[in-house]
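There is one chain below, alone, in structure tokens, taken in the form predicted on its own.
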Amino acid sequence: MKTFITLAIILAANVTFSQPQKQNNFLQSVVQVQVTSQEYDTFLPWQKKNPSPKIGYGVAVSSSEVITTENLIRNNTLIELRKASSGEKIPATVVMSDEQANLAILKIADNSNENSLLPVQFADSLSRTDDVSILQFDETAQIQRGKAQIVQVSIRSLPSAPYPTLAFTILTDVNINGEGSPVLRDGKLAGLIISYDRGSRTGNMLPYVTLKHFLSDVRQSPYKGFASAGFLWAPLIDPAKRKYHKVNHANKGILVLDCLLGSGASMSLLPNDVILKWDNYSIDNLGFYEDPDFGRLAFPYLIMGRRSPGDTVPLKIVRNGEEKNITVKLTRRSDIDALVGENVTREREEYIVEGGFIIRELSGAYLQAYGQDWQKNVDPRLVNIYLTKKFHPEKEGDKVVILAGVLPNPINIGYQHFRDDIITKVNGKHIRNLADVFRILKDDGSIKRLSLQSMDIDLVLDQSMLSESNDNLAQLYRIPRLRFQHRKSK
């Protein structure tokens, strides 16, 4: 009897001790991330918009570092962290952020013991239909836990950037109140929430494998990021097309449409190649393969999820009716290579203001600044270029230079209606990018006339009025610099 009582006391003591310990781990691991952000105005790129607050979450990956989403801390001017059950705000800075992965690492500015965090463990596996839990703060800054279930695993575009990623769709019983909310499985970090829809009560989650990939890259300087092959493709379902390309493997193979200038694919693949295997995985005629961890997935995960920039991967293809084994070197996608860059991070874009003419390069950020229906609101010629040619400059360095608008002034009377017109010449000289315009300004001292693609008559500026007009415009529109160029572009 005495032995039984002693054993019961020990078991009770173990239960009492282990439960609070698990809860304390989360109290010291999950933080609320409070961000003040301020981005540049897209249409008046010399000025910033009003500051705006954003609130989300992050999870400790070391005693002084937190992983969160890049979209949350984008364009930040101030980042502060708050622990559960605390009103104290801890300043933090960005160690690394990657818009192509939508992830960022933050570091606590004051790494004292009282600010020390308890890093979480990453999950080792995650499957479709697994039950998970979501952590966030309630209105009293207490940890709130909600139940959730994984309902889908797929490759899709990030909600804040046009890059593919592996994402888990989860169905949950809580209203998620901030991106970056951690998702746990068996007490380990399974992923971070990147978007949530209140109507369907579903959220998209970046899984642990993507988080671990990103963190490993951050730890191994220089940062490599996520890989891209650099080609466009289409499913190959039509029997007539399969016969034309002499593909004898049933239900296998995708068709290469085009390769992007400067990419690894451009040195190995050709249009009309049919890819049967990628990195030793068979690709079906819809572009899917059987992943050993997550089941049926679109093959881009083999590139961005299982490889890194600089890796060389083996391919089995059909070219002109013959099967061949080739290799493709993976790279990291860059706006520099595109005819129309995205500027996902909304970095301050280069511009020139001369005689009221606002001259700049076309970007995805500029088009999307027209709102959700930007494809209807923007000049259809620019929409067509973005949708069909943005990856395809005729020559390396080609960009689309536009007259974005005209600031009214006596020097440009009659020109105020011009907006979003493509510029082909400046001072009679052909241009390929904004850097060409800067060179012409340096050589000629000013812009005398612009040639537009949409009309045969040049827009001419009266040089006798130009200096005074520029001074008046700079004062009226509070333009600190009439010409802005990144140092890297000079």
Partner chain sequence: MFAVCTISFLFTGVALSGETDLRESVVKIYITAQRPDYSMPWQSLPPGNGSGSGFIINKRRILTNAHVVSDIRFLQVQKDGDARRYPAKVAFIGHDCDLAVLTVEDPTFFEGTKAVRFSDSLPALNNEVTVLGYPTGGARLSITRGVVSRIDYSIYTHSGADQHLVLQVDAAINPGNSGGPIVFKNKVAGLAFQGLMFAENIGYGIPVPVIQHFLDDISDNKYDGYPELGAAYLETTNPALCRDLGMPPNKTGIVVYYLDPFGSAIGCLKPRDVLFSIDGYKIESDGTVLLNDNNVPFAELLERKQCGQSVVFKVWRDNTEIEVNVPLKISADPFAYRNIYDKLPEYYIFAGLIFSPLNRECLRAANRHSHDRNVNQLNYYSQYAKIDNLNKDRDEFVVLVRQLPHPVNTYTQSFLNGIVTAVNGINIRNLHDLKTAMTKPLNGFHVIKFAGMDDSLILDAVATVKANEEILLRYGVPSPEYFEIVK
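All values derive from a computational prediction rather than experimental measurement. Positions refer to the first chain, counted from 1.
Keep in mind that the form predicted in complex with its partner chain is missing from the display, and what follows is about it.
Residues within 4.5 angstroms of its partner chain in the model of the complex, judged by any non-hydrogen atom, belong to 405-413 and to none of the other stretches in 192-200, 405-413, 334-342, 96-104. Among the residues Glu323, Asp258, Asp398, Glu80, the one placing a heavy atom within 4.5 Å of its partner chain in the model of the complex is Asp258. In summary, among the residues Leu27, Ala435, Val460, Ile55, the only one with a non-hydrogen atom within 4.5 Å of its partner chain in the model of the complex is Val460. Looking at Trp278, you'd find every heavy atom of it more than 4.5 angstroms from its partner chain in the model of the complex. Contact annotation: Gln372 falls within 4.5 Å of its partner chain in the model of the complex, judged by heavy atom distances. In the model of the complex, its partner chain sits within 4.5 Å of a heavy atom of Asp456. Among residues of the shown chain, Ser157 is not one whose heavy atoms approach its partner chain to within 4.5 Å in the model of the complex. Contacts between stretch 221-259 and its partner chain, counted in the model of the complex as any heavy atom lying within 4.5 Å, involve Leu232, Ala234, Ile237, Asp238, Pro239, Ala240, Lys241, Lys243, Tyr244, Leu255, Leu257, Asp258, listed in sequence order.
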